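One chain follows as structure tokens, the form predicted alone.
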């Protein structure tokens, strides 16, 4: 596979040949992720899109080491975090990489106040010198995500869905991480709240310079927030490139079908829009036989040489 990285910037995160298998029985193993490689530069947003069951969340959990990768390498900030980690490497990982989970209620302890939920990371890693400093850090991060300091004494059930997601964002941000994995963090929210949360994430990124791995279904939102995009299907990374390349020149038939399914706000154009259909079983494409080919500089697509000639 070609090296999927830019020579001008040292990547913050680099994933090489990631495989994640889950043994179900002696005879059956679920191969959730197969040979996935990508990188994320400091301060950029990499969008990972695909249908349900394609392996997006599994990749995020493997990167943050909630799962032990079956094969492949993961490098974060120059450190190999794919195998056994020593205490120092694990501590750096827990401080500098955080995750925002999909369900804004299930990921918050209903028996804890918001102040204790947000401060859990700084409590574990002793990131303050006094209780007054702890309280100030919690108040500052609540203000940054658009909540009031008095919200610190409330419980998760006293908030709306959008407010609970802001609490989850605050819990990740208080550690001042270099990378945040946002696992479909807006999918459970109303459209107006989604826009607020995404704009908040963009504002915080501009202020702090952190990077995002943005996992989502909504291609329109991914287009809005991402610098580069990877398209995932059946555990394989089919296509990756800049946002402009993916949307203006999608090469893989699966990517073309996803983009053609985006609704158009103009009712006249929407009436005449025809979504392309893609069925892997009848497509004649074998993902396992393909490799990543470079197209136009930084645009990669998984295919065989014959398929590449037929598409480009």
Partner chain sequence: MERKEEILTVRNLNISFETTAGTVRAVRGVNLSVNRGETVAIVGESGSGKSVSAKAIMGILAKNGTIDGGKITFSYYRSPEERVTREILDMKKEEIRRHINGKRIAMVFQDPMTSLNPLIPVGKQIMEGMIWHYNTPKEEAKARALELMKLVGITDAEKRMKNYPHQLSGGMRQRIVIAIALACDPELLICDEPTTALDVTIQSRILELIQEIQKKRQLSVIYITHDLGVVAKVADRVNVMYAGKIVESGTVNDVFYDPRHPYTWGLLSAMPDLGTDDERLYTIPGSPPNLLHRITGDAFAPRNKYALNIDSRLEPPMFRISDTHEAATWLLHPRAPKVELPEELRDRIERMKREGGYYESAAE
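Positions refer to the first chain, counted from 1. Predicted model only: the values in this text are computed from it and were never measured.
From this point on, the text means the form predicted together with the partner chain, which you will not see here.
Contact annotation: residue 176 falls outside 4.5 Å of the partner chain in the predicted complex, judged by heavy atom distances. Proximity of residue 128 to the partner chain in the predicted complex: non-hydrogen atoms within 4.5 Å are absent; the residue sits far from the partner.
At the 4.5 Å threshold, heavy atoms of residue 217 reach the partner chain in the predicted complex.
In the predicted complex, the partner chain sits beyond 4.5 Å of every heavy atom of residue 85. Three-residue candidate spot 51, 262 and 273; every residue lies within 4.5 angstroms of the partner chain in the predicted complex by at least one non-hydrogen atom. Partner contact region in the predicted complex: 192-200, out of 192-200, 145-153, 130-138, 234-242, criterion any non-hydrogen atom within 4.5 Å of the partner chain. A single residue from the set 62, 258, 36, 246 has any heavy atom within 4.5 angstroms of the partner chain in the predicted complex; that residue is 258. Site annotation in the predicted complex: the residue of 223, 79, 113, 91 reaching within 4.5 Å of the partner chain with a heavy atom is 223.
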